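A single chain comes next, written as structure tokens; it is the form predicted alone.
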């Protein structure tokens, strides 16, 4: 008899987006002539930078010639991309990350979920609330949690991120082994200072813990004082793994390219307390279960760092941040408190009402779709998330409708 992994049975059905879809359908049936504007999803709308398109076309042409054809590439990624990333994203900011500490992949979502495979199943974990669900659910699948009770999983230390702490979670009072952090944050859009991040690094070093730092939105940081990598913090290379993505930075959501940084100094420990290289373990896992990102895609990613690519990428980021500014202003005009949207593409809005009530208000009175904050955790109740990833025309129209709905 084949048996299943019963930890999967603990997972809660994803009612959030099913409920959203049902409510949208009902609205469309009742208002067939009113087009809906969706500002809930975190998917980009601007096309790939021209520099990336040109590089990809050239790489595809290379694949058509015997002399320049590429078969299996290195699972860790081609040296040309890893070296470019190390120089531009880390060394230029004073973080001594080498090319061979960078692993190219097809997505930060995949890596943040897969990384827990190299860790023991009985470790203690700390996860923010509200949270990107992948962090939580992959640990449930692995058997690191108890049952789901009263809206939370037993066995998880929840790091509450609220207005009272400026959406920067407090250091846990007890020791934990694995810590998930995401800045700029999804869903709140909050950012973290170097001083605040140093506290987490110091805590991890003291307790021999590991920080999984999701920096998928770092390109949206405009404040030069804010860290764009955890490796700008002294001591972080000993206790942190960082995840990055080209999805929101350069529009690669459908093209798929990302990378994970695992410093060689970063250690995990066996049951006897002996230290082992997490870099070596991840390299083994990566090589065993992944065949690498396509050569043309990696050439396109490399082009992001060219002079033309940087200019075109920054133009897109500025476009989305202007969308975010328009949303923030419209919400503030109506008296709603907001966070995010200045160094992040997400705006986290307090509605002074139930999350779903706020969702229904926007949908039924303005034909605008957002994401109810309660779908991200208990601390998201009373909030909605609005994404800046849409056309300027749609954002302007959505905010116009919102003002009219509350007039």
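On a predicted model such as this, the values are computed, not experimentally measured, just so you know. Positions refer to the first chain, counted from 1.
Just so it is clear, the following notes concern the form predicted in complex with another copy of the chain, a form of the same protein that is not shown.
Not one of 21, 91 and 314 places a heavy atom within 4.5 Å of another copy of the chain in the predicted bound form. Figure note: of the listed segments 22-30, 44-52, 334-342, 360-368, the one touching another copy of the chain in the predicted bound form, with heavy atoms no more than 4.5 Å away, is 44-52. Of the candidates 84, 145, 198, 253, 253 is the one whose heavy atoms come within 4.5 Å of another copy of the chain in the predicted bound form; the others do not. In terms of contact with another copy of the chain in the predicted bound form, the residue from 99, 95, 219, 209 that brings a heavy atom within 4.5 Å is 209. Another copy of the chain in the predicted bound form comes within 4.5 Å of a heavy atom belonging to residue 289. Mapping the unseen interface onto this chain, residue 350 falls outside it, with no heavy atom inside 4.5 Å of another copy of the chain in the predicted bound form. Shown alone here, residue 306 lies farther than 4.5 Å from another copy of the chain in the predicted bound form, counting heavy atoms only.
In the predicted bound form, no heavy atom of residue 263 sits within 4.5 Å of another copy of the chain.
Annotation for 268-295: interface residues with another copy of the chain in the predicted bound form are 268, 269, 270, 271, 273, 276, 278, 281, 284, 285, 287, 288, 289, 290, 291, 292, 293, 294, 295 [heavy atom within 4.5 Å].
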